[in-house]
Ligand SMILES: Cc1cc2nc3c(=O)[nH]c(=O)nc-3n(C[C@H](O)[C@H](O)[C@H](O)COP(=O)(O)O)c2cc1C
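Just the one chain here, laid out as structure tokens, in the form predicted alone.
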Amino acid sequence: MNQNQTQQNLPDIKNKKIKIGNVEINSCISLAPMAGITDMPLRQLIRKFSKNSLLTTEMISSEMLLQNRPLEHEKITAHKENEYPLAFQISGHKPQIMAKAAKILENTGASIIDINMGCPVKKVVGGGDGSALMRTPSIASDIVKAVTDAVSIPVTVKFRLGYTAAEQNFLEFASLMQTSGASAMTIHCRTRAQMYSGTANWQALSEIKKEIHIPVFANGDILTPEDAKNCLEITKADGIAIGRGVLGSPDLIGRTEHYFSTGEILPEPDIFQKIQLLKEHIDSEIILRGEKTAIQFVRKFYPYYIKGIRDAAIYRGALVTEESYDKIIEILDTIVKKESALI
């Protein structure tokens, strides 16, 4: 299939813009927020390849934000000018505390406030936050109303299909969020019970745009540009939110935008490019967190950057136990040297 044929088969998304309240996004792709993942260093790597996508911070606890913990606040809200448009995501279940937290983040520089109603993690749900709010829609509605009243910027919501397979109330929930004042929504096409297992049910969203007139972003299992195309075609959503797909591939959103604009599939970064991106990632985390904390923090990313190479498990085991920056760089340089020898 040639490039022109490919482009004809794409959804009508070339140069597509999405307006969220008064914020115009020159892309139909957003970075899905991930707790402990989508911090400033990762967002900076993504911005190298995507100039226009909507970036989102990691989940920020509204309760924590109202506590006097300036160093923690500074790290989790750290951002740079080139990240705009930038949404700050908050979690919680107390409307007035959520409203106060949202106002703090608006003053910090948020373009958009995103409310987490989708996190499935036990300690989050156990406190009544995240996906638990899909079981308490009246509280969810009160939160959206309180936050929209407190800030002058758009408010969005991220949630799932439902709490369990038997409780898939996403359509009613979406309608309520729209009525309560949300300017857009992202729906992860799994239930809370699924966590991140199984397959995202894109088909479930295929009818939602008949009921919802604000922008809807579909999320879940988008690991390639072709996945993104298929997701939009099936869900009929306005845009897509890419989460775990960017791990080890911070260029994915940029490659997807390029595909949508041209029909051309750019090659994925090779191991040499990925090692260079990993080094940049480590260095940025050190600047943000200090060397000791940063080295511990980046351990979660190693498997994604070196996935698929020979002896990946051995290298991963060495990297996640190493505490010396210089030794980590030596291991990464060894990977480059050995991979070069295989060419």
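These figures come from a predicted structure and were not determined experimentally. From 1 onward, residues are counted along the sequence shown.
Below, we turn to the form predicted together with the named molecule, even though it does not appear here.
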(request) Decide whether Ile37 counts as a contact residue for the named molecule in the predicted complex under a heavy atom distance cut-off of 4.5 Å. (result) yes
(message) Against the named molecule in the predicted complex, would Leu161 count as a contact residue? Criterion: heavy atoms within 4.5 Å.
(response) no
(request) Find out whether any non-hydrogen atom of Asn116 is located within 4.5 angstroms of the named molecule in the predicted complex, and reply yes or no. (result) yes
(request) Report whether the minimum heavy atom distance between Gly243 and the named molecule in the predicted complex is within 4.5 Å. (result) yes
(request) Mind telling me which stretch in 45-53, 284-292, 270-278, 27-35 gets its heavy atoms within 4.5 Å of the named molecule in the predicted complex? (result) 27-35
(message) Exactly one residue in Ser249, Thr235, Ser131, Asn219 has a non-hydrogen atom within 4.5 Å of the named molecule in the predicted complex; which is it?
(response) Asn219
(message) With the distance limit set at 4.5 angstroms and only heavy atoms considered, check whether Met59, Gln89 and Tyr196 all reach the named molecule in the predicted complex.
(response) yes
